[in-house]
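A lone chain, given as structure tokens: the form predicted on its own.
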Amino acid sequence: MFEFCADPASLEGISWFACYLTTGKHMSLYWSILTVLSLLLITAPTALLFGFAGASAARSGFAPLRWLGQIYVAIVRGVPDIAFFLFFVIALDQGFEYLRHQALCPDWSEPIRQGNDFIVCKAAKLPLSTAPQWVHEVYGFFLAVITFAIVFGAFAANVLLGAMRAVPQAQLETAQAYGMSRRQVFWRILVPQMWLYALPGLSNLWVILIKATPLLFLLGVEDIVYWARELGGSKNARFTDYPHGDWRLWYFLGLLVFYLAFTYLSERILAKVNRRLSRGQGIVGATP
């Protein structure tokens, strides 16, 4: 990046570190931080949407819809995250390719399942082999968002369902006695109040989501943990212009500081949101 970095062998001290920390691989490390933050910003509301839909379905008076919501929460929460990530991404990817195969290659005569192999026509592959690298990266990121949203949406559904049940039943009955419909009671009485009961659980879920971002490597996304391990390992002069010993301790210490700082900032913001929602509420911990 800097002009004086042309000859790394002649550098020492601060100049050496300035050049070392601005190499292409370190830029990939910095970009991976933005990738993690983008994943969190997109996944959190998406998972909350999945959770709200799941919780609403689980308390529905229509039995099939209620069973569907309960099955979603039970199955996803009951499967270890790593197992779900390894299975679901493959299933989702093959599902997309199967649908494209049926639409784009109707004359295909060979079976798609050939033993352990899943074979579709070239036009149905996602992404296409001729697609630029950024398309592959965006596709992997898309699969990551969907997978994270479904997994953490199930946990959010369980939190929101408990929050809905925590709203005093007397308030709902009073609203109905005043002539409100079930839809009006749900949106005007239940939903506005449930957030106060749900926020502590959602706050914990947000912290767990932050800590789960290293699972991105299972989805083929090069995250900050991947680059910390890659850059921190021993490098000799045969393979790099900036040889160094085993620096993984320092890179992972940097990750520790990053995650702790981000978690601390999140907790401060969520605490302010909780105080704002508690204002005027007649429950324990409310602000008068």
Partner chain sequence: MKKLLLTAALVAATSPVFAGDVVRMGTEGAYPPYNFINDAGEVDGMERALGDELCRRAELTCEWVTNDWDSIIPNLVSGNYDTIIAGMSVTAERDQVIDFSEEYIPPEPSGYLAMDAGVDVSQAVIAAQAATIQAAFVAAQGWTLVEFATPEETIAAVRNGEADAVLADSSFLEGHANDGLQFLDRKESIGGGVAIGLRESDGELRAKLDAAIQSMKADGSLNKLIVEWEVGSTW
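Fair warning: this is a prediction, and the values are worked out from it, not measured in the lab. Positions refer to the first chain, counted from 1.
Omitted from view is the form predicted in complex with the partner chain, to which the following refers.
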{"item": "P192, heavy atom within 4.5 angstroms of the partner chain in the predicted complex", "value": "no"}
{"item": "Contact of Y242 with the partner chain in the predicted complex (heavy atom, 4.5 Å)", "value": "yes"}
{"item": "4.5 angstroms heavy atom contact with the partner chain in the predicted complex for K25", "value": "yes"}
{"item": "Residue contact check: Q171 to the partner chain in the predicted complex, 4.5 Å heavy atom", "value": "no"}
{"item": "Contact assignment for the partner chain in the predicted complex, among Y178, W108, F118, W187, heavy atom within 4.5 Å", "value": "F118"}
{"item": "Any residue of 133 to 155 that, in the predicted complex, places a heavy atom within 4.5 Å of the partner chain", "value": "Q133, W134, V135, H136, E137, V138, F141"}
